[in-house]
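To begin, one chain is listed below as structure tokens, in the form predicted on its own.
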Amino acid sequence: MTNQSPHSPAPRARISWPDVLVALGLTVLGVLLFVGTQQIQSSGMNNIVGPRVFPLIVSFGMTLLGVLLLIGALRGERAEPASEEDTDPDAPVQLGAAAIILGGFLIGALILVPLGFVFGTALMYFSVAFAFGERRFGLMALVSLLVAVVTYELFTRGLGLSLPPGLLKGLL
């Protein structure tokens, strides 16, 4: 039996700071995508549905979802794991894997232009595999490079995109 009277206020829910950070990150990404969309040149043809439409839809959706998540997180609502997940939402947060992935992404973005898309993207794939616990470094490097080369070829030849070739200029 508890000592709470029926008229005592309910205990205030704690704010989940990881949920707040995810909501802020999503909101910032949505705003950055919106700003970047404004820099897309329009040819003047197809003014109703041009190259800005889908990025605008995605940016508005991301920003709206981020704001809604932020409001929920600040009200004490928590993102609960799915029933099939075996996680403890009250366990301390370990950000090591997320930091490794973020670091790989940032370094990959920095070397993208001087070394090329293949090496920058391969580093990102490698960091994700490492963050998820893979330690067969030779296999990780080989698979990362192969997937990056295939991605480069699909984007440049299949979609006609211009990606920085870097050190592999003339080879791919």
Partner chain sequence: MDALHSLFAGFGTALTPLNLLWALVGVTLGTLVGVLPGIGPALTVALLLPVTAKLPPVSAFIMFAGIYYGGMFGGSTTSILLNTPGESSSIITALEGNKMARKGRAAAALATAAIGSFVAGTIGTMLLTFAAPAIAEIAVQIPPTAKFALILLAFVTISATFGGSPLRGLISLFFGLAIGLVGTDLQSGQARFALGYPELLDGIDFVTVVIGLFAIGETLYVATRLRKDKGSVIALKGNASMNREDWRRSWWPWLRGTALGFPFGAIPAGGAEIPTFLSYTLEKKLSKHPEEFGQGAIEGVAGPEAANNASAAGVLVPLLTLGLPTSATAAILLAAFQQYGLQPGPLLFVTNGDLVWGLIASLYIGNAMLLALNLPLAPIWAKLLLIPRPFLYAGILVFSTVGVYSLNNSVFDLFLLAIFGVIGYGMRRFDFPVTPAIIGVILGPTAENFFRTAMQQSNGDYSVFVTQPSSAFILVIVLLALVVPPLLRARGRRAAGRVGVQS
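Numbering follows the first chain given and starts at 1. Since this is a predicted model, take the numbers as computed values, not measurements. For clarity, a rigid core is taken as the largest C-alpha set superposing within 1.5 Å between two forms.
Keep in mind that the form predicted in complex with the partner chain is missing from the display, and what follows is about it.
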message: Taking any heavy atom pair closer than or equal to 4.5 Å as contact, tell me whether Pro18 reaches the partner chain in the model of the complex.
response: yes
- request: Report whether the minimum heavy atom distance between Pro81 and the partner chain in the model of the complex is within 4.5 Å.
  value: yes
- prompt: Would Phe119 show up as a contact with the partner chain in the model of the complex if we use heavy atoms at 4.5 Å?
  reply: no
- request: Using the partner position in the model of the complex, report whether Leu112 sits within 4.5 Å of the partner chain, counting heavy atoms only.
  value: yes
query: Considering only 96-119, what residues come within 4.5 Å of the partner chain in the model of the complex, judged by heavy atoms?
result: Ala97, Ala98, Ile101, Leu102, Phe105, Leu106, Ala109, Leu110, Leu112, Val113, Phe117
- prompt: Core aligned, does the CA of Leu102 move at least 2 Å between the shown form and the other one?
  reply: no
query: After the core is matched up, is the C-alpha of Leu161 off by 2 Å or more between the shown form and the other one?
result: no
message: Rigid core superposed, CA of Met124 - does it shift 2 Å or more between the shown form and the other one?
response: no
statement: Quick read on Ala129 and Ser83 CA atoms in the model of the complex, 3 Å or more from the shown distance, and they're closer
task: Explain in one word, closer or farther, how the Cα atoms of Met62 and Gly103 are placed in the model of the complex relative to this form, where the distance changes by 3 Å or more.
output: farther
